[in-house]
Structure formats: structure tokens, C-alpha cells
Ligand code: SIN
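Consider the single chain below, provided in C-alpha cells and representing the form predicted on its own.
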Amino acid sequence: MTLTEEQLDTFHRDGVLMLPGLFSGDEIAAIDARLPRLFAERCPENFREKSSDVVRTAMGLHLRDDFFARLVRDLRFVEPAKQILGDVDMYAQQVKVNAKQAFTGEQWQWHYDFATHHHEDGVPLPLALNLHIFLDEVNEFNGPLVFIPGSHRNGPAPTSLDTVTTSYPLWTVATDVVGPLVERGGLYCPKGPPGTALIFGDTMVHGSPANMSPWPRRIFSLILNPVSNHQTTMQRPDHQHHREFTPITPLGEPLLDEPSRQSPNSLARASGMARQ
């Protein structure tokens, strides 16, 4: 999949690009089929909401299920990333699903990803790309992502570490910084059906409100980072920033080939990844 010049211009201008219908209904169903088993695991990779026991973020998915190991190599991720970053080797820095349970899903504060990558992991430069797939219909009611277009243009904004608001420590952008950014760039809230994809950069300021609706909101997230820009400190666990810097090799066949059509449990058993 190749981005058009217009799409590349949009990405560089706004910092975020939406790609409707990039993944099919069958592909979303294959992802959905694997999540109940992975979410049910009591493991450090699953962060749970502060106010409840539901999963907020499930990490390290490509190390826990073969289908996700294939998904991170999909050409629809790899080719646009190479267009944006240049023909460089990239590794899977983080692989997760961010989930907002109906009625209880909590907010993500205003932030940008590079603040965490730099402060916590020692990533030198804000080059990583976040590639998303909507797994549910995302609407204005169920905790959608909200971006500040153009907030990447002047480099990283000031941040501070918030360890109190939610169960996930996050380097956040204060409201006195967000206000002027919004005055200049406005707000953008991508909405769409399952299969919609997003690409955004490492200094793009964004957040999302709590889910007060009766509809869940789950988003798959892959962060690709140039191998030459890999982390230099190892203070966070591997599932939060993966320490395998082998370059991603693009998948050479359709995502839904015969091995990937197996049931989630048989796939886990075959790969030796089923948890005891």
C-alpha cells in the first residue's frame, strides 16, 4: 500500500492521517477472536483500569499470539512507514490494544508519545510512528482520540509525569500549553467504523476522554521506530518497549492465510505460547 502525495502532505502538515477501510471485516474479526483469551490473562502485560478490573491496555501482543506477530509485518503498516521515514530498518517498539470498556473506560490525558519514549526509554529522536486500527466503531461518545493538528511542528512540548490520574504513568502536556496549541491548530477527532486506520507522529499532542457510552472502544496500536533510533536505557519492561531490534521483515502473503485461520487457542498451542 502506497500513500499518495496528497496523503503525505496531509500527514506532514497535520501530523495525523486517517485511512478509511484499510482493514477488512474478516481481518477485524480475526483480531477480535484473539482478544478475550489475551485480556483474560493475569499478567504484567495487561494494565487494568484504576476504577475497575477491566483491561485498559494489553501489551506485547506479538509475543503472545502468532496472528499479532504477522499483523505487525503487514505491508499496510510497513510501506507507509517507509515512505514517511525513508527506506530505513524499523523495529516493533510497542504492540498493544488500548481498550475503553462501555461506561467505565477512563481517559488518556493530553500527551505525546515521544515524551515517554525519551524520558523513560532514552529514545534519541522523535521519529517513531504510531499506526492504529479501529476495532470498534469510534464515535463522539465512546472516548475517541482527539488530536491537535500541527502540534508537532514546533518540536516537543513541555511535559511532566502524571502517576496519579490513571493506572498508567504518563508524561502529560499541561493545559496552559494545550490551550495555545488548540488556538493555532484546532481539534481533530477521527471517527469511523472498524477497519479504519490512523498514522501519527511521535510529537503529535493527543488524548481521549472517558467512555460514558454503552459502546466499547478498542484500538490496535503498533509503534514502529528506526533501528538506528532505538532505546538506550532499559528501565521499563520489554512489553512496554521491546528490546528486540531486529528489523521488521514485511509479510509476503495475505494476512489471512491458512495458518492464521486457525482458532486462537490452537494457534497459541502450536506456537508454545499458551499461558499455564
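Please read all numbers here as calculations on a predicted model, not as lab measurements. One rule holds for the numbers: they count along the sequence shown, beginning at 1.
Not pictured, yet referred to below: the form predicted in complex with the named molecule.
Between 191-199, 109-117, 69-77, 85-93, the stretch whose residues reach within 4.5 angstroms of the named molecule in the predicted bound form through a non-hydrogen atom is 109-117. Relative to the named molecule in the predicted bound form, residues 34, 48 and 101 are all farther than 4.5 Å at every heavy atom. In terms of contact with the named molecule in the predicted bound form, the residue from 145, 128, 135, 81 that brings a heavy atom within 4.5 Å is 145. For the candidate set 239, 230, 217, 62, a heavy atom within 4.5 Å of the named molecule in the predicted bound form is found for exactly one residue, namely 217. In the predicted bound form, residue 208 approaches the named molecule with a heavy atom inside 4.5 Å.
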